[in-house]
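Just one chain follows, in the form predicted on its own, and it is written as structure tokens.
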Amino acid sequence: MLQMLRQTLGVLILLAVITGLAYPLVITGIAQVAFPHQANGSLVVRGGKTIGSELIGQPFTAAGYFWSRPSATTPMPYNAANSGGSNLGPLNPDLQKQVADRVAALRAADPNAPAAVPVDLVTASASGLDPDISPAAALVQAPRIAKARGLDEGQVRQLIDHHTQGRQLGVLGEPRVNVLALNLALDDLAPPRPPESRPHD
């Protein structure tokens, strides 16, 4: 009985060391060597300052920037410590009001915008952290941004095309545009006019 207990305890300790210490250290080491950028959060650095992550959305509200997909995380939007959707059904009055308010905000920012608003500009993703929008959601914002920046709309559209990523492996997911990368490229093309602020301010 005592010998069986010692053997069981020995196996438990061995497995704890392998799965709880050795395996994580090996995987972390491989990741740091092979994929250091991804292993450290895919952080975006400008001027020696971290301004965001390629994987986590952030809010943009100025007219001269592309707006992100809404976030339903609490207690604040794009809270990476509390990922999740609103869990509101399509017939829920609260969700319908949120969508109507978001459509109204888009209309107020650009009264000449097309009648059809891409769904990802007015509904949150399941994670609430989506850093990407669809090319359609970016293109519908192009006239507003061109006007706010004093750019030709064609320049903004070219920027969107350049930053559009296709399906993963050609078949997975949908084409998408990373909002932070797009806004930084926009700042490089034409600095924001006052009182706009850069994403890292």
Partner chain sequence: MGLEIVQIVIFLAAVLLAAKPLGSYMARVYEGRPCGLDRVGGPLERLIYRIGGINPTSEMSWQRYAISALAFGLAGFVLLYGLMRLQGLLPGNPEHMTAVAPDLAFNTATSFITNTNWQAYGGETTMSHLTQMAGLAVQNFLSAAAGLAVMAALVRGFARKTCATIGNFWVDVTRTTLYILMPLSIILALVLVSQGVAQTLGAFPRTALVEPTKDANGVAVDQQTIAVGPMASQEAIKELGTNGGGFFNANSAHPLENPTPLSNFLEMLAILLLPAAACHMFGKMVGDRRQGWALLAAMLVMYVGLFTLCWLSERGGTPQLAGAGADIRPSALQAGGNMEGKEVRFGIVSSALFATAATGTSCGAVNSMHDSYTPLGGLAPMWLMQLGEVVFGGVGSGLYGMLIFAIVTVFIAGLMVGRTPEYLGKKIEIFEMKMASLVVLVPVLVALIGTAIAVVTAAGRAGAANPGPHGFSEILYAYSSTANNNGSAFAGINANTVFYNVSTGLAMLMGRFLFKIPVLAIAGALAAKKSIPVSPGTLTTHGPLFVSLLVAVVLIVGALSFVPALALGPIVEHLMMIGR
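Think of the rigid core as the biggest set of C-alphas that the two forms share within 1.5 Å after superposition. What you see is a predicted model, and the numbers here were worked out from it, not measured in a lab. Numbering follows the first chain given and starts at 1.
Only in words, not in the display: the form predicted together with the partner chain, which the text now covers.
The partner chain is not shown here, and in the predicted bound form it never comes within 4.5 Å of any heavy atom of residue 108.
In the predicted bound form, the partner chain sits within 4.5 Å of a heavy atom of residue 174.
Mapping the unseen interface onto this chain, residue 189 falls outside it, with no heavy atom inside 4.5 Å of the partner chain in the predicted bound form. Residue contact with the partner chain in the predicted bound form: residue 55 places a heavy atom within 4.5 Å of it. For the partner-free chain shown, 24, 25, 27, 28, 30, 31, 32, 35, 38, 39, 40, 41, 42, 43, 49, 50, 51, 52, 53 of 24-53 come within 4.5 angstroms of the partner chain in the predicted bound form, judged by any non-hydrogen atom. With a cut-off of 2 Å and the rigid core superposed, residue 185 has a Cα displacement that falls short of the cut-off between the shown form and the other one.
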